[in-house]
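Consider the single chain below, provided in structure tokens and representing the form predicted alone.
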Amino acid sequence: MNESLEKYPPNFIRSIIERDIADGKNSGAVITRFPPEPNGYLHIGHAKAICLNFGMAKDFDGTTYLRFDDTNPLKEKVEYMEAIKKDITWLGFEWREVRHASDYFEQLHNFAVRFIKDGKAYVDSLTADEIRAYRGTLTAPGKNSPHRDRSVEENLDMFARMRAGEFPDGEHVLRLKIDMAAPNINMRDPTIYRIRHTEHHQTGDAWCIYPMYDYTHCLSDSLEGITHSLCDIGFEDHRPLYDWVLDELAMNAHPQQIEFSRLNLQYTMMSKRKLKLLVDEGIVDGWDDPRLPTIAGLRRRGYTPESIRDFCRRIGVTKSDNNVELALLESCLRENLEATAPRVMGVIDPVKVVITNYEEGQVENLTSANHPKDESMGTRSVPFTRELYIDRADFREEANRKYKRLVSGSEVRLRNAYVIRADEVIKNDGDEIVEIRCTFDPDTLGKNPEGRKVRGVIHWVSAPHSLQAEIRLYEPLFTDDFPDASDKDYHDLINPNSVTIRQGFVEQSLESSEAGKQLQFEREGYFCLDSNDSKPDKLVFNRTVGLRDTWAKIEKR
């Protein structure tokens, strides 16, 4: 893809960075970071943040850190960290260094001690419920904890004992002493340390107290020299605390926090907590289920990194709600695959065709282009035989003139092959068509028949020279436009038809197909070989996206 087209179009963040560079701020440097918590797999919403953080830095010859916000070891796994690295690399980005919030635990602890010595932090022994009750509401101020006026000496002693492991989980917390009447609830003596007696995946059992995100994030940004800390709009109300911590400690580097809107994608759930429930409850087949909006799921389904980057640029960068139709993401994907996906033939719902005037045992190798608009993709040999499979939807015993496929007594062209006529239909005891007997016109290879018009063109595969394949057809996992915003239980929003499994046949040329390689099944859609379940003796193809947007039509019925 043209690198110039990869740059972000004009937006308010780009304008801020351009102004900072023009003013000589940060000596003209642009340093960003992507700071995921390793408590699950990344999804399409994270892809927006990845593209923005890495993309903006790249646009201004800057650099980006990958920092794992690993301050809650109860929910974090190394598995998630490795998956996040894989996703970012697959999307096409490179980080300057991998950092962890845990790299700064000692420094964060020392800063906390400074706050205590300065009389700006105290150990609170209220329970979590009591702290919430004392905090007040959006319309009513909070009230001071009875432990707020502990002496500096007592706070230092208790905090040291917290670190030494003398107290059980939840017995005490360390809070900043700011203002319990502040209009912004985040400034009402926020908690910055809690007790967690659990092993950390990076630091082992070295710590039993762990810093909170709001405290850790701003200091990690400063220690790394981040210039522009790009966050989603949910952190806008946290920015005063971000700035307060850095100002009170007189940190050398004071990054600028800039917020942008979250992505809300139609028919998609963005809550990582709920996505984890879908996985844990077995509603989906793991974090990489092709129905999920996780980057791993999109990759397994056949999405390309180019299409996701394109989508993230097209939705823009604003502060207003970003409710995006699924059709836009699919349009970006189709546009990319139309130019890059080789064409093959696959029959999803097969019915047998027997060409009665074609010699038994004869095999004719026909040449087909791998892409109609790109000769560099070359050609392939497609065997033509007496017995074929066509899609069941491509035949009717009776039809009006608008139906441009095979009809009893009429002709149709087989893609890149001959014109055939349907002469006889064989049915089973259940009145289901099991075989269509046809004749072919041997003078129609590469040319139209003389004196008569053919209805249309359909795809096919040779019966004896095809490969059986399981074909998975996907629709949105949820029936609600924006399930995260719904008041209903998410279980009630699950689409029972989110996956349909068919047993079909594909060209023999796909025997050595590469897992994840995108293909267009002519007239059917874009597919890829499943990276998990497909085996040489059992091919499994996922439909990545249809040739047209059919879901909107289904939903409106």
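Note that residue numbering begins at 1 and tracks the sequence as displayed. The structure displayed is predicted, hence computed values, not measured ones. Take the two forms, find the largest set of C-alpha atoms that superpose within 1.5 Å, and that set is the rigid core.
One more form of this protein, predicted together with the RNA, exists but is not displayed; see below.
Student: Is Ala164 close enough to touch the RNA in the predicted bound form, meaning at least one heavy atom pair within 4.5 Å?
Tutor: Output for Ala164 is no: heavy atoms all beyond 4.5 Å of the RNA.
Student: Contact with the RNA in the predicted bound form for Gln107, defined as at least one heavy atom pair within 4.5 Å: yes or no?
Tutor: Although the RNA is absent here, Gln107 would stay clear of it in the predicted bound form, with no heavy atoms inside 4.5 Å.
Student: I'd like to know whether Arg150 contacts the RNA in the predicted bound form, with contact meaning heavy atoms within 4.5 angstroms.
Tutor: No.
Student: Does Asp69 make contact with the RNA in the predicted bound form, using a 4.5 Å heavy atom cut-off?
Tutor: Yes - in the predicted bound form, heavy atoms of Asp69 and the RNA come within 4.5 Å of each other.
Student: Within 4.5 Å of the RNA in the predicted bound form, counting heavy atoms only, one of 142-150, 462-470, 443-451, 374-382 shows up; tell me which.
Tutor: Among the listed stretches, the partner-contacting one is 443-451.
Student: So which of Val98, Val425, Val363, Ile185 gets a non-hydrogen atom within 4.5 Å of the RNA in the predicted bound form?
Tutor: After the contact test, the surviving option is Ile185.
Student: Just to confirm, with a 4.5 Å cut-off on non-hydrogen atoms, which of Lys274, His197, Arg437, Lys75 contacts the RNA in the predicted bound form?
Tutor: Checking each option against the RNA in the predicted bound form, the one that comes within 4.5 Å is Lys75.
Student: Going through 307-327, which residues have a heavy atom within 4.5 Å of the RNA in the predicted bound form? Please give them in sequence order.
Tutor: Stretch hits, in order: Arg314, Ile315, Gly316, Val317, Thr318, Lys319, Ser320, Asp321, Asn322, Asn323, Val324, Glu325, Ala327.
Student: Relative to the superposed rigid core, does Arg273 relocate between this form and the one not shown - that is, does its Cα move 2 Å or more?
Tutor: It does not reach a 2 Å shift.
Student: Once the core is superposed between this form and the one not shown, does Lys453 show a C-alpha displacement of at least 2 Å?
Tutor: It does shift by 2 Å or more.
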